[in-house]
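Okay, so here's just one chain, in structure tokens, the form predicted alone.
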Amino acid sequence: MSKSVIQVPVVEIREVAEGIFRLTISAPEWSRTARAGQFVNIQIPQRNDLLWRRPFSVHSVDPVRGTLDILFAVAGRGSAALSEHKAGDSLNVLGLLGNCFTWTADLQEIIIAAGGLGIAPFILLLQQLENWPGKKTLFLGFRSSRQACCMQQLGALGAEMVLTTEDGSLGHRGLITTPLDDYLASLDKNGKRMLFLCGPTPMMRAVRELTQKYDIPAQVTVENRMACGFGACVGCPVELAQPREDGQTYMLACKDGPVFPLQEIVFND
């Protein structure tokens, strides 16, 4: 489906954890065609000081209701303004944008590593994997139980879940990289599996090292600022680990991603 700008009604918006909101919009066609990893760019209405659209991963879909959800944290002026919307309000949305996670039929297991709001694209991924026969293992980390969200949805989607919080208020105390390291070390090296990743930059950098250590292929969705959403502003560069044959040293998160093979890129603070 080609990208388009549409005016969509807000169906619901509610706070699902401390400072974290789930926004549901009515978008029947997108609810049928969206794939995990893709994103939409939302124009914040009635705010002349916010010139650029804000990008948000597609969080989940309901093709029966014709709705699409995004999950976001209030972190700045744009997200704060978006959180103030109510059912019945209208939003100008550009979508669907970007590429998506991919996998092959011969995989035995899909491993997901998500930190905080990095969980956002993986509800849709697990929806897509609902009838997939392989094993699904999710490593999910939050700062605290106050930021933990999506537990009910995740519980219904069939993934084995390892949960950590930095303060120990829910699940294991610490970072998800510790149990993930232990788990990857325990696996049969002959098994076919893929790891999908999203989260804060330090976490993604650490998980990248683990996938190198255990020689596990992985894909990551990056969260660079994407103003236009289709490559015109060149404002979301992603550095390549190795220059390409044509000398290219970076790609664009919105146009070439946001999903990339993990070992092909590097993370800069």
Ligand SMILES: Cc1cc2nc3c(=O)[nH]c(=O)nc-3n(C[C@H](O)[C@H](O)[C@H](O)COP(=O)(O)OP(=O)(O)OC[C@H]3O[C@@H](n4cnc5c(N)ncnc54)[C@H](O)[C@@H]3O)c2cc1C
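Numbers follow the displayed sequence, beginning with 1. Note that the coordinates shown come from a computational prediction; the quantities given were computed from them, not determined experimentally.
Form predicted in complex with this ligand: not shown, discussed below.
- For the chain shown alone, R208 is not a contact residue for this ligand in the predicted complex, no non-hydrogen atom being within 4.5 angstroms.
- In the predicted complex, this ligand stays beyond 4.5 Å of every heavy atom belonging to A156.
- Although the partner is absent here, G78 sits close enough that one of its heavy atoms falls within 4.5 Å of this ligand in the predicted complex.
- Interface residue remark: W30 is not counted as part of the site for this ligand in the predicted complex, having no heavy atom within 4.5 Å.
- Using a 4.5 Å heavy atom cutoff, F39, L117 and E223 all lie near this ligand in the predicted complex.
- The contact with this ligand in the predicted complex, taken as any heavy atom within 4.5 Å, belongs to L71 out of L129, L138, V93, L71.
- Residues of just one listed stretch (52 to 60, 240 to 248, 22 to 30, 212 to 220) have heavy atoms within 4.5 Å of this ligand in the predicted complex: 52 to 60.
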